[in-house]
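Just one chain follows, in the form predicted alone, and it is written as structure tokens.
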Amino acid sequence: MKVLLVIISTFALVSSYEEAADFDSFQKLKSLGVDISENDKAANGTLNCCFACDSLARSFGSVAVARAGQSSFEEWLSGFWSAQQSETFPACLFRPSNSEEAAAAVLLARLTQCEFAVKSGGHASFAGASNIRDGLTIDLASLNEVTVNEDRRVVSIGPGNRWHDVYSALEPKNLTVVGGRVASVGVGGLTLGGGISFFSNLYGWACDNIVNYEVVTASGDIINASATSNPDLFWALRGGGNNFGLVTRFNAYAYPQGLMWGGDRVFPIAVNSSLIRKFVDWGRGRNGSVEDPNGAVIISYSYDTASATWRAINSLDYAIPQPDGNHPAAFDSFFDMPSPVFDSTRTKSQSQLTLEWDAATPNGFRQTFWTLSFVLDERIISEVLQIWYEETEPLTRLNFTVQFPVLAFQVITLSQIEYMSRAGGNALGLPGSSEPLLIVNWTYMWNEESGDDKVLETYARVLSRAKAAGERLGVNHRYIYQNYASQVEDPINGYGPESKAKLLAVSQKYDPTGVFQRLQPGYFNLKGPPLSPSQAKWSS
């Protein structure tokens, strides 16, 4: 009898999800606490975003809804990282207090055909990514649970958290999860897009460390996705972004963690050749990095407006604390260099380290992110650096009171790629890669809206020239890291045709009417980027 029950239980877990053929939005909304009047039902087809906002306020309280003219509207908008996002005015912002309220918001958007966006941390750079003009913005800030289960192996995390919140809650318990490296980045976007961590060589990416997702579907159902329950959706959410439903809880593997070691070493840019060589050696495991997976390394370049100088930065992070004045042996080669002009490496908490990363790019300025991937190669790093310098140096002479161009390189190591096969794999299309890969991330922060086209035109040229250099050197790779992509790049296409076809099939199964594809247009959906190059007048 016990065996039979196990079989029945297992069948229930893996049974296929399907929207009911007689699905009734009004009935489902009523079960979620939203009662639509008969008159309004009769007007179905003419209902709009204002009706959706009114219904949410009436059903869940006016304090949960913010509209233009209210102090809460400006306050909630200020929580977006980039000026482009905070200057986008929705019809209203809604803060659900639980999964059922989030489900009601999705259903009301579907009923009224109101375009919507979903905000976790709001750290995307371009307008529309997690806030939508004249539509419904669902702000998940109140879904901020951080709960450790009894055996300390799994942490339940609400998408309204930012990573500093998560680490601060776990540090007293000497635990951590695989998550973001910047304090103000939200849990939801980073994890659904992949999620590179300080500990990715030890444990993989954030998406590969999720045990279960709680998901609101386009039908307003609240379901779980794991290796045994809706496993196709589980696979798709591991890198496929916000294309399949609204995730209201992430259950993540927990790992023991106390203090760690890390920081930045800043040099004059003249050291770039030596730094690049050491970085490539580290990424290829030539100096013990394979044997010791506790470390993470980034090299980056920036322009310091205060001193009008170009700088090279070596960011080094290590999972194990070090005695004062010491560094991990795995980083010996990086310390065999001239003395830096600045050095913040020391033992500290993970939460403190994320605040240091956060300080360089504060809220409230204009931002842009761009990315490409290559096979790890010293030549392409040097060429990309030269291209970026040639194109951005003229920008530094513009009359911006604030500007901060940055070029960063990091490695997708073979150990990270191996973790991508865990529990059925992820959607990123990288398992099977035989060589480490290089992610390039170009960013720019500035304060003058009048400079938007000039900055974006410049970075579009940088991207085009970098692709051409990679083609000439034979090191281009199709992968585009979603969390660094600009609004004209197509991360889903970069996962490869097999992965994209599977993602489209999952979308059709869990969202047959295309709610998350048609009504959530601002981020990276399955059929293309938010803007095509032809729509962007500044794109080459």
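One rule holds for the numbers: they count along the sequence shown, beginning at 1. Fair warning: this is a prediction, and the values are worked out from it, not measured in the lab.
Note that the form predicted together with a small molecule isn't included here; everything after this is about it.
Undergrad: Considering only heavy atoms, tell me if Gly189 and the small molecule come within 4.5 Å of each other in the predicted bound form.
TA: Yes - in the predicted bound form, heavy atoms of Gly189 and the small molecule come within 4.5 Å of each other.
Undergrad: With heavy atoms only and a cut-off of 4.5 Å, decide whether Gln322 touches the small molecule in the predicted bound form.
TA: Flag for Gln322 set to no.
Undergrad: Although the small molecule is absent from this view, report whether Tyr484 comes within 4.5 Å of it in the predicted bound form, heavy atoms only.
TA: Tyr484: yes, in contact with the small molecule in the predicted bound form.
Undergrad: Looking in the predicted bound form, any heavy atom of Gln416 within 4.5 Å of the small molecule?
TA: Judged by the heavy-atom cut-off of 4.5 Å, Gln416 is well away from the small molecule in the predicted bound form.
Undergrad: Out of Asn242, Gln350, Asn314, Thr217, which one falls within 4.5 Å of the small molecule in the predicted bound form, going by heavy atoms?
TA: Checking each option against the small molecule in the predicted bound form, the one that comes within 4.5 Å is Asn242.
Undergrad: Which residue among Ala236, Ala124, Leu136, Leu372 has a heavy atom within 4.5 angstroms of the small molecule in the predicted bound form?
TA: Looking at the other structure, the residue within range turns out to be Ala124.
Undergrad: Among 459-467, 430-438, 327-335, 126-134, which stretch sits within 4.5 Å of the small molecule in the predicted bound form, heavy atoms only?
TA: It is 126-134 that comes within 4.5 Å of the partner.
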